[in-house]
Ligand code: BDR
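What follows is one chain in structure tokens, specifically the form predicted on its own.
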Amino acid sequence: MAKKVILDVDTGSDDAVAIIEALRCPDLEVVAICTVWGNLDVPYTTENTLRLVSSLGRKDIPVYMGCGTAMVKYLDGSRTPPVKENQPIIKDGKELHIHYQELEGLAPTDKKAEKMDAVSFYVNYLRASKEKVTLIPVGPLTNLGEAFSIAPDIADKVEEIVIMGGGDEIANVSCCAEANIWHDPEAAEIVARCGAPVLWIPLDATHSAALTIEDAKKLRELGTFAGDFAALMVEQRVEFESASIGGDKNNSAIHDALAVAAVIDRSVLTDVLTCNVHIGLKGFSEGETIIDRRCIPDKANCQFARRASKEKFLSMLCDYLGRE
């Protein structure tokens, strides 16, 4: 029997690959897709999601628009991004982005988001569900933070929450924080403490399975729309990161797709720590996934992936994206 899952996305280049992977895997039943702010404003993440499911011939999948900003973070004007203001990256007259407001290669669609908002959907659906559901949030955790605050009882209906976010040895938006968690640390702490089983897919794992331009060629050789589109996303990400970071960088972590892969087959993760994780809420630690490293730590509340098999990850993508 296929595993019921709900995706929570801020689509987004790597989100797009994750959505395709989930929809093409026969072992997953995508109940719904919820959108949230993050990579882009929520109207863009929602429209990109609607266009993608339509292009995949899956207009039957309901899409629920979610939150457009963090739960509380931006009520305090002192909490501003600690990121450097970089000059636009221009190549051959084109400004490069890792996430374009409108994902290339997707036609406009007449499909609309559902009238119900994502938070209300979570509360209503999970309370009514007769079986447990796996949640795969790969953007800021605002929708789930709101839902668990409104209805903490819904945690009993959750099989597992597989979060793409956080980092131990690797950070990106600040000196110690990953973007999804930094954007809404209060929501992340609520989800971490909700009582449902939690598996973190942090930057440590996703960077260990980064894809290259050569891997993108393998996806194109599949000869499917899904393979071609995923290859385009990989190529765009590598182009942007190579231009922004410099040096001989020739790969990009397709973060969100690894979270979906871990739901399909946990063995794609090669090093997983059972531990207690808190979220930093202020100062330099804001948004940090803090692992309790004391001799006698608090009781474990999650599993935290540290490494993944790039070879198995790519093989899984080729398998599922090769299916029409």
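The numbering used is simple: start at 1 and walk along the sequence shown. A quick note: this is a predicted structure, and the numbers were derived from the prediction, not measured.
Form predicted together with the ligand: not shown, discussed below.
> Among A179, L106, A196, A113, which has at least one heavy atom within 4.5 Å of the ligand in the model of the complex?
Of the candidates A179, L106, A196, A113, A179 is the one lying within 4.5 Å of the ligand in the model of the complex.
> I need to confirm a contact call. Of V234, V138, A209, V191, which residue comes within 4.5 Å of the ligand in the model of the complex, counting heavy atoms only?
When the ligand is considered in the model of the complex, the option within 4.5 Å is V138.
> In terms of non-hydrogen atoms within 4.5 angstroms, which of the given stretches 170-178, 224-232, 119-127, 145-153 touches the ligand in the model of the complex?
That would be 170-178.
> Since only the chain is shown here, I'm wondering whether E21 would be in contact with the ligand in the model of the complex (any heavy atom pair within 4.5 Å).
Heavy-atom contact with the ligand at 4.5 Å: absent for E21.
> Taking the ligand as it sits in the model of the complex, is A187 near enough to touch it, meaning that at least one heavy atom pair lies within 4.5 angstroms?
Close contact is absent here: in the model of the complex, A187 is far from the ligand, nothing within 4.5 Å, heavy atoms only.
> Against the ligand in the model of the complex, would K157 count as a contact residue? Criterion: heavy atoms within 4.5 Å.
Taking the distances in the model of the complex, the answer for K157 is no, it never comes within 4.5 Å of the ligand.
> Is N48 close to the ligand in the model of the complex, meaning a heavy atom pair under 4.5 Å apart or at it?
Contact with the ligand, no.
> Do any residues of 1-34 have a non-hydrogen atom within 4.5 angstroms of the ligand in the model of the complex? If so, which ones, in sequence order?
Contacting residues: D10, D14, D15.
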